[in-house]
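Just one chain follows, in the form predicted on its own, and it is written as structure tokens.
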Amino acid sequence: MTSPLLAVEHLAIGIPGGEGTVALVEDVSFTVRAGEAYGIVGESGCGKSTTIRAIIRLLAGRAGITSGSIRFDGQDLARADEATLRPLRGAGIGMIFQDPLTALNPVLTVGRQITEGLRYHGTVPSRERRARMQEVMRLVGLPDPARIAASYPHELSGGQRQRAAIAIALVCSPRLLLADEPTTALDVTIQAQILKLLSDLRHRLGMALILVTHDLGVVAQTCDRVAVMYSGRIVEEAPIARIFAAPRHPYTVALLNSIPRGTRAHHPLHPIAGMPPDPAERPRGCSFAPRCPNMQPACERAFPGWTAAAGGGGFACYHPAPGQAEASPDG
């Protein structure tokens, strides 16, 4: 079997605190193959965005990698210096940041921002940059590229800004695209268009994709495999069909059961009681234990080990679900 394009192993990310380092992400491991779409799903604050920002070493504030490795095409980015990382950002690994209105520079035209990567990396001769810019803008479905290239972000609609952000991430033809909540601020019609666009581009360009979202419906439409994160850890990983047909971790089951389906009279919502723990005050055992219907004394003593599942993936739980759930990829 060929080596994965990306291999994250035992990644830990922390931030200095008053009484030592506060762990934001702990012992996260996963791989992504060339051309594969991999989803990372979970509640806000679970560490999804922090994990993918660590891949290109763009962590916010004082956060930093404390242990583990991030191998992209065999090269460990966790320990790479800036001189090694700069050529990879944009050219090897592209990223779509959350909220295109704030991710785009308000004082530069859209065209200037799309071609910035080409100028920096020198992958396209200067005389060909305009043609490459317009090619990518058409690829992401932006009409009238000349007009939009001369526009500023505030002159575009939300869907156009999102497509411009995707164009910026794609213009240097990266092998891996990191998409951080790329549809959160969009209405459902535009969201469906963006998800279809990402899928089409992945198949057309042979590009791998990591999609971060809180919405299991989004990964159902887009991804081949999915990791479920809770409180800084991956608690379950599975092929997309199995995560819906036979989830094992109680948190995954709870996420699926909280998806709106039909009318409330026939399918009432099942919210997850309680709140995720503060990273500085995580319990010693399983972080989901205080909210878990299957909790037993062992769950509070130590975090469970990883149980591999037939067909790939696995879960971290002492008392997993039997493998059935009410939800399906079709909702």
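Nothing here was measured: the structure is a model prediction, and the numbers come from that model. Don't overthink the numbering: it's just position in the shown sequence, from 1.
If you look for the form predicted in complex with a small molecule, you will not find it shown, but the lines that follow are about it.
- Interface residue remark: A63 is counted as part of the site for the small molecule in the model of the complex, having a heavy atom within 4.5 Å.
- Taking the partner from the other structure, the small molecule in the model of the complex has no heavy atom within 4.5 Å of any heavy atom of E300.
- Heavy atoms of G47 reach within 4.5 Å of the small molecule in the model of the complex, making it an interface residue.
- Among residues of the shown chain, L24 is one whose heavy atoms approach the small molecule to within 4.5 Å in the model of the complex.
- Using a 4.5 angstroms heavy atom cutoff to the small molecule in the model of the complex, all of I15, E43 and P279 count as contacting.
- Residues of just one listed stretch (287 to 295, 26 to 34, 302 to 310, 48 to 56) have heavy atoms within 4.5 Å of the small molecule in the model of the complex: 48 to 56.
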